[in-house]
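Encoded as structure tokens, the following chain is the form predicted on its own, with no partner shown.
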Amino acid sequence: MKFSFLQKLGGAVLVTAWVLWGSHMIGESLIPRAQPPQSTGAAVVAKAKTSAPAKQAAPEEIEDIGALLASASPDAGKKTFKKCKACHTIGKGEASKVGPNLWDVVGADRAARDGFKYSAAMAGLGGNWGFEELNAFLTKPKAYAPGTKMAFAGIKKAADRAAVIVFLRGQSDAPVSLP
């Protein structure tokens, strides 16, 4: 049987179409289609700009640290303080890093270290770093001082916070007495 040129060309086109259609069907069965987004990005941005500000959650109850301070270990605090060393120095006269030097911080005025530029949130706090203030701050810095530059999430365990505070208390020429 002899086929003319046009028959051969038509057959080639038909086989090519079947191969393309078949590979498409196989691809569709192996990789499911992504669902289209429910709304466009522009709509989400517009909605975010027009919506009312979200209400802040009620502040978490922070446990009293006074009892824990009496039994806290400065050695355990030194171990936990390793998380802080990436941003803070502790030695007397050492230069600040990303965060201020914490020598003699317990009982010191807040946001008052020379040579360190504090965020407006920290500078606006006023007062001093007492035991309860440090406990509240170390629990969740962003909740204690909204707008602070400090990116640290906080220390969850009260015993660990007490140990760090006792360790920091010892980093002074004249440590503040425990409550």
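Here the structure is a predicted model, which is why all the values come from computation and not from measurement. Don't overthink the numbering: it's just position in the shown sequence, from 1.
The same protein also exists as the form predicted in complex with a small molecule; that form is not shown, yet it is the one meant from here on.
Is Lys83 close enough to the small molecule in the model of the complex to count, meaning some heavy atom within 4.5 Å?
Contact check for Lys83: yes, within 4.5 Å of the small molecule in the model of the complex.
At the 4.5 Å heavy atom threshold, is Ala70 in contact with the small molecule in the model of the complex?
No, Ala70 stays farther than 4.5 Å from the small molecule in the model of the complex.
Please determine whether Thr139 contacts the small molecule in the model of the complex, using a 4.5 Å cut-off between heavy atoms.
Close contact is absent here: in the model of the complex, Thr139 is far from the small molecule, nothing within 4.5 Å, heavy atoms only.
Is Ala95 close enough to the small molecule in the model of the complex to count, meaning some heavy atom within 4.5 Å?
Residue-level check for Ala95: no, no contact with the small molecule.
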